[in-house]
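Quick setup: one chain, the form predicted on its own, written in C-alpha cells, and binding and motion questions come after.
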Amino acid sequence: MSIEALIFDVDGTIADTEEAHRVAFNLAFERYRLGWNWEPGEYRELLKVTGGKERITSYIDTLPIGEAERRRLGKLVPDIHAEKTRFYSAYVGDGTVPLRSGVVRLFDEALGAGCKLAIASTTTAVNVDALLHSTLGARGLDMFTVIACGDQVRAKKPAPDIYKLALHELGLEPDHAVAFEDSSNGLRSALGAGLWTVVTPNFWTEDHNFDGASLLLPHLGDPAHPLRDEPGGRLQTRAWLTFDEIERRASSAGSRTASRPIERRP
C-alpha cells in the first residue's frame, strides 16, 4: 500500500507562525481602539479555539460587558479579522518567519519520489499564499496539488472536514496519505479522517494531549539539525524523518488495518 500524498497543516507545523499571528491580532485591536492586548500566555490558551474569527468571538464571550456591547463587537469580528490578515500578510511577506527544520527537505524528498503535497489548514488562503511565497518563492504554490483552507468547510478542526476535503480533492483514500500536525485539535481532525499522523509540537502546543499520534517528534530534522538520540529512538534509519521511513511505516500500519477483521458491535 503506497503513500501518494503528504497533507500538511500550516500554522505551527510548516512554520512557527503563531507569534506573527499574535502580533497581527494586537495591531488590529489597536487599529480598532479596542484596548485588548493578547500576551503570549493568554494567546497560548486562545489557540485551543481554531480559526481567527472564532478565536476573537470566543474572547469577546469572556469579557465582562453588557449584551448590547457584546453584539456590537460581534458584528465587528469579520472586519477586525480582515485587518489582522492584512497585518499578518505584510509581516510574513517580509520573510521574517522561516519554515521549520526539515520541512523543505521533506517536501523535496516527497516530490522527488512522485508523491503529491497538500495543505489542510484552518487559516485563510491569503495567509497560506503569503507564507509560501515568502519562504519558497515563486514555486511555493506550485508544489501543492491541493490547498484546502478553513473557509471551505462548515466545521473547522478538530472536526475532520478539512482533511476529508483535501482527500476528496486528491482523489485518495486515507490509507494512501499521511497528515502532519502540531496541535491536539489538528491531530483529532486528522485522526477523524482516518489518517496516519505525524505530530511536531512547538512552544504554543507542547502541553497538548497527543494520544493517538502515529509518530511524535520535536521537529522533522535534517542533516544540519539532526534529532537528538536518533536513529534508534523513535526513528529507524536517520536522525531526521525521511520520506522512505514515512512510507514504510505508514504503509505497514495501513496494511495491518486493512487486513484486520471489522468488529461489529451488537
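Being a predicted model, the structure only gives us computed values, none of them experimental. So that there is no doubt, residue numbering starts at 1 and follows the sequence shown.
Omitted from view is the form predicted in complex with a small molecule, to which the following refers.
Although the partner is absent from this view, S184 stays clear of the small molecule in the predicted complex, with no non-hydrogen atom inside 4.5 angstroms. By the criterion of a heavy atom within 4.5 Å, H219 is excluded from the residues contacting the small molecule in the predicted complex.
By the criterion of a heavy atom within 4.5 Å, R55 is counted among the residues contacting the small molecule in the predicted complex. In the predicted complex, the small molecule sits beyond 4.5 Å of every heavy atom of A213. Checking 46 to 54, 66 to 74, 224 to 232, 28 to 36 against the small molecule in the predicted complex, the stretch whose residues place heavy atoms within 4.5 Å of it is 46 to 54. In terms of contact with the small molecule in the predicted complex, the residue from R105, H81, K164, H176 that brings a heavy atom within 4.5 Å is H81.
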